[in-house]
Every structure is written in structure tokens, then in C-alpha cells.
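Listed next as C-alpha cells is one chain, alone, in the form predicted on its own.
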Amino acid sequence: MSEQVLHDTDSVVLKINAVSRTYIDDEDKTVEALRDISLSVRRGEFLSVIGSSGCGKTTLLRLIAGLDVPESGELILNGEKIKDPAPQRGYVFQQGSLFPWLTVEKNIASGLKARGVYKDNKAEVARYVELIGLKGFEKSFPHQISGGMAQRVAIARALINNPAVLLLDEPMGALDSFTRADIQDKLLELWKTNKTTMLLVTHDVDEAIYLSDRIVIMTPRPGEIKEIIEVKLPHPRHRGGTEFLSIRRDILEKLHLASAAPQPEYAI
């Protein structure tokens, strides 16, 4: 599947070139998760990847994070081949994965401490507590805050390392609709403030339209890029607006076509 061409090569922060990935499942069967994925991600853009369960969305994110390696192809961030995990690629999991023994502020600071740069960036912890709207909860532990608050902490923990790209693996998937909308707005606020490139995996079409500059539609396994859709609506976006709903219908139709079983061929 050919990628969407970007004419300004200086704007590209992440380049994925003909990446494929297979693995062996629990029944010792070979599963082709991704096939020939090529994609350029613009610096500072918000890009979402959507598709049916098992289409390889999370596999793609793990490859970008350096948590997995492809069978073929390569992934390049800022001109350097991705080989292993690095602070340049922040990762936010669906459940947040906070350290339960650390407070909110210490969770946020954990990456800085691991890199040995905490003393020079201590003030950044307080700034991020403010940015994510958790002032007053700095000394709280994960079990003392809500799921939505925990996800805010996880996002701040990843962003404080100033990554070249923030990878979001359905971070709002387990939240109720009100909390989900709140986190979406907070993500947009942080995106505009930090100008961080963000790549979101989601099942939620409305979420993808609400947040993204572009939306990548994946086919069912083996995951391939079916189409890339530009979302040219200005922010803030209105979910009930005519243009929003028109894009929603278009994407749902394309997802249906991408997921449809191939028709039998008849030779006459």
C-alpha cells in the first residue's frame, strides 16, 4: 500500500518504510499482524489510527516505541533508525500504568529521575501538575485519584521528557464518556501548548475526528493502510456539526468497506 506523499520533507518527524510484522500465537500459528506499512508523520501533527480489533494498531505503536521490531522495513525518527525504547518516544497505555507507590508529582518526575536530569528540571514537575489540572493532588497516590486523573498523570509523565512523538494507545478507552471528553480536551490543550507530535490509536471514530489532523484507516488482519483522511475542521470542533457528521459517515463507510469479506471470484 503506497503512503500519502508529503512534499515538504523537512516537516516529517517519523518515517515508516514498508514495515511488516508477523508473530506466533498461543496455538503456534503464524499471524501476520502488519503488511507493508508506509507512512510519514508530520512534525507537530495529531494523527489517529483506527480500525477493527486485531488490525495491528497497537503492534504499529509498539514498533514505533521500540518495544518490538519488524520482520522487514524500517522506522526512522528524526533521521535515526528506531531500534529500542527511548525517551524521545513517550508512550501512554490504556490503563495509565502509574507506579502505585509514588505520588502524582513523583510519578510525573520518574522519567526525569531515570534520565538523571531531575534537578535541572524540577520546576517542570509543578508546571505539568498545573497544565494537567491536578494542582492540590500532588501528594496523592494513584489509588486516591480517579481513572481520568490517573490518565492525566500518565500523559504528563510522558510529555515532561519532551518527546519527539507521544504515542497514545487508547488512553481514553476505559473511561466514561464525560471523563473521556475531558481528557480529549486536555490532550488538545497540551498539544497546542507543547506542539508535540501525537499519534493516537483508537476505536472511536468521533474521538479521531475531534482530535486529529489526519486519520489512518487500517484493514483487518493483516493490517494495511486502507486510506488516510485529512480532517480540515478548525478547533474547537463541534461533534454535532454538519461537516463533522459528514466526515463521520465517510469514515464509517470506509471502515465497513475495509472490514468487508472479499467477494468470491467466478470464472465463466
Partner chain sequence: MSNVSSLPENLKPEAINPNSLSRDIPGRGAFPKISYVRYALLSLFTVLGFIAAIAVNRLFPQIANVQIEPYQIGKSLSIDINDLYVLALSGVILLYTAIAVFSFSDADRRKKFERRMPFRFAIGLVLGLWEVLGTKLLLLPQPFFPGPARILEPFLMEPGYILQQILYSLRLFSYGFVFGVTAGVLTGILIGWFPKVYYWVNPVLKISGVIPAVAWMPFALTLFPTPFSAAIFLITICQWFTIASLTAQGIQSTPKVHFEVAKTLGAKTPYLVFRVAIPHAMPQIFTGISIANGFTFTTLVMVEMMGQPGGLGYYINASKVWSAYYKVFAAIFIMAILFSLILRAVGFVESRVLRWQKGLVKS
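Just so it is clear, the structure is predicted and the values come from calculations on it, not from any experiment. Numbering follows the first chain given and starts at 1.
One more form of this protein should be noted, the form predicted together with its partner chain, which is absent from this view; the next part is about it.
Q: Name the stretch: of 168 to 176, 183 to 191, 80 to 88, 119 to 127, exactly one has residues whose heavy atoms fall within 4.5 Å of its partner chain in the model of the complex.
A: Comparing against its partner chain in the model of the complex, the contact stretch is 80 to 88.
Q: Select from the listed residues Leu233, Val31, Leu67, Ile228 the one whose heavy atoms reach within 4.5 Å of its partner chain in the model of the complex.
A: Contact with its partner chain in the model of the complex is made by Leu67 alone.
Q: Whether Ser72 contacts its partner chain in the model of the complex should be assessed with a 4.5 Å heavy atom distance threshold; does it?
A: The answer is no: Ser72 has no heavy atom within 4.5 Å of its partner chain.
Q: Using heavy atoms and a 4.5 Å limit, would one call Arg157 a contact residue for its partner chain in the model of the complex?
A: Result yes; Arg157 sits at the interface with its partner chain in the model of the complex.
Q: Please run the contact check for Asn162 against its partner chain in the model of the complex: heavy atoms, 4.5 angstroms, yes or no?
A: No, Asn162 stays farther than 4.5 Å from its partner chain in the model of the complex.
Q: Please run the contact check for Gly111 against its partner chain in the model of the complex: heavy atoms, 4.5 angstroms, yes or no?
A: Result yes; Gly111 sits at the interface with its partner chain in the model of the complex.
Q: Which residues, if any, of 130 to 153 lie within 4.5 Å of its partner chain in the model of the complex when only heavy atoms count?
A: In sequence order, Phe141, His143, Gln144 come within 4.5 Å of the partner.
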